Structure formats: structure tokens, C-alpha cells
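Read the single chain below, which is given as C-alpha cells and is the form predicted alone.
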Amino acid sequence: MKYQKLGKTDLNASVVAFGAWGIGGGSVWSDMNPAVKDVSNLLDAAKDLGINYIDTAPVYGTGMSEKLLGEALKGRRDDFLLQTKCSLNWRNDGGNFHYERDGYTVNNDTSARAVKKDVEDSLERLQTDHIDLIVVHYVCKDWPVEETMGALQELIEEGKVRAIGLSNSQPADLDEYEKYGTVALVQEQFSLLAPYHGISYFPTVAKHGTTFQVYGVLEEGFLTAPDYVDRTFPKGDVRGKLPWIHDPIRTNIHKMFEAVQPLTEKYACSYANLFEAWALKQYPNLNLLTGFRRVETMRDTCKCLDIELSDEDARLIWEAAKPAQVREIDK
């Protein structure tokens, strides 16, 4: 395993992070509803592989991801850096409508009151006395950044939070938040198929010394194997809303797999490893957040750290993917 400091903090995190969105289950991830034992097994594997960094959020399974992690982390909380989020809640006590799902209305609220309540709720579900890094899940301009950051700074002073991050943001948001404190990382969508937001963000994170944590690098499985692209998903499943299942993009993804297949033989790796290695090559201070619901996926992901992708092969991958790429994607 390789490790990196998160931004300007002393938090030493594994370059591969354990994304816990999928373990929340619900209609978004309709094909698996893990129990505490399953999550505990995943944490066992993570420790064996050197993964010490976990990401979750209150809305992943409407509290279920945090609750399962809270149980599975008993007796080993200090083995991991724990990251969760604030701003999205289903308390019906204010904020802007974000979505309805599984019988809940989720609102986005970055007011000081809401942020502090989010953290208290997460501490309870996670059964811990501190969160290593709290991420503003969706940046919102309806409350002053100074108010949001003021609340987060108070939580740091109280010892309940150690560092701050942003997600679903723009470079200008990072500039604004940095006026009122230090942002350790931004967590943003980035993949070979949807690369443009990340590419445009890299100069700003470099300016501030901020870690760029990617999510969606494998596009919820669509970059793991050619046959995955032809799967169908029930209504509400996040994968059924992505553009990769529709032509001409689907056909172009199949052509991309054909073009890069020789590289999987050259580097003796999976398709997933190849695309993960490509992502890591794009920015020197990049953290790879990957969703894990199966131990074998976790083990395979870590192999990408051993790949030294040549500039020529990275260009080949980029050119093969171009016909399937999109500018914007909504998850």
C-alpha cells in the first residue's frame, strides 16, 4: 500500500480508500444489502491490505452505511481514518430539496445549525467521539461560506472533527472556502469516461495543496468488464440512470475495451486496474476512492498501485475512450 498526507494535515491515508456508499443498500444499490458481519469482513481485508481510510455519508442508505460501520468498527476504531459528510439530511427541518428516495425527503443545508446537527447524528451512528475528516457533501450557496466554515472550525476546536473537505463543488468554491480555513481535500467525480470536471479542477487543488479524491473512477462497475455494460438494472438503481447503458455510448465503450485489451496482457492486470492506474497518473496528489462490497474487488483494486503506466499507453487509453466520454454526469 502507498500512503499520502491529506492536504496540509498530518492525516496519513492509504492512497486507496474504502468507499462505503454501496454497503448502505436501499434502492440505489439494489443487488446487495450487507450485514454487520459482511462489513466486518471487509474491514478485516482492508487492514490486511493496508487500507486505513474509510469514506461514508449520512445519506448512504439513509443512515445504514454509518450504522453498519459503527458496529463493525467496534474495538478497532483507531485502525482507520474515518471520513463522513454533512449538509444532506432527511430531518425535515429546513434546507433545499435535494431528492426523494426510499420514502425519505433529503434536503441540502449548509447552515451552521444543520452542519453541527449532522455531525452529532453521525457521531452517534458511527459510535465514535470524533470524525477524522468531515466533507461538505454538496456545496450550497444559500448560506454564507463563512457560516459553514465557522461551524466546522468550532467542531475542530471541540475535538469532534480533525479536518475539512468539500464534495460536488467547483474550483471557485475551494477558493472561497480557503478564505475561512484549510480544506484538506476535495472529493469529486472523475473517470476516464467523465474526466473533464477533474481536469479543470487540478490547477486549483495544486494551488492550495489540496488532495484530490476521486469517486466514480470505475463508473459504478461499467469500467470493470465489457459484459457489465450490457447489464440492466431495476428502477431507482443508480447504475440504470448512467449514460453508459445507451447507444451510441454503449457501443463506443465496447470498442474502447477492445482497443485496450492488449494492455491488460502487457501489464498483467484487470481492466479495472488499467483504468485506475490511468486515473492515478493524471494528478500527483490523487486519492482513489473506490466502492467496496466484496473482498475480491478490494484485493484487485490494490494491484493498480503496482502499475507504472507509460505515457504512450496512457495516451492510447485516452484516445480509445474519447468517443464515449461525456462532459457532465449526474449521480
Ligand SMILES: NC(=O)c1ccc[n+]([C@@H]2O[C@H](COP(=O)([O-])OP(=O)(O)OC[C@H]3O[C@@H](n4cnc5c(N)ncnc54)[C@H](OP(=O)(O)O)[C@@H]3O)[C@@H](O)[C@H]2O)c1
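Residue numbers here begin at 1 and follow the sequence given. Just so we're clear, the structure is a prediction, and the values are computed from it rather than from any experiment.
Quick note: we don't show the form predicted in complex with the ligand, though the next part is all about it.
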| item | value |
| --- | --- |
| Any non-hydrogen atom of F292 within 4.5 angstroms of the ligand in the predicted bound form | yes |
| Distance check, Y177 to the ligand in the predicted bound form, heavy atom within 4.5 Å | no |
| D38 within 4.5 Å of the ligand in the predicted bound form, heavy atoms | no |
| N287 within 4.5 Å of the ligand in the predicted bound form, heavy atoms | no |
| Among the candidates G165, G216, G95, G198, the residue which, in the predicted bound form, approaches the ligand to within 4.5 Å (heavy atoms) | G216 |
| Contacting member of A272, L280, M64, L263, with respect to the ligand in the predicted bound form [4.5 Å, heavy atom] | A272 |
| Residue stretch of 166-174, 254-262, 122-130, 107-115 approaching the ligand in the predicted bound form, non-hydrogen atom distance within 4.5 Å | 166-174 |
| All of A20, H137 and T224 within 4.5 Å of the ligand in the predicted bound form, heavy atom check | yes |
| In the predicted bound form: members of 230-259 within 4.5 Å of the ligand, any heavy atom | none |
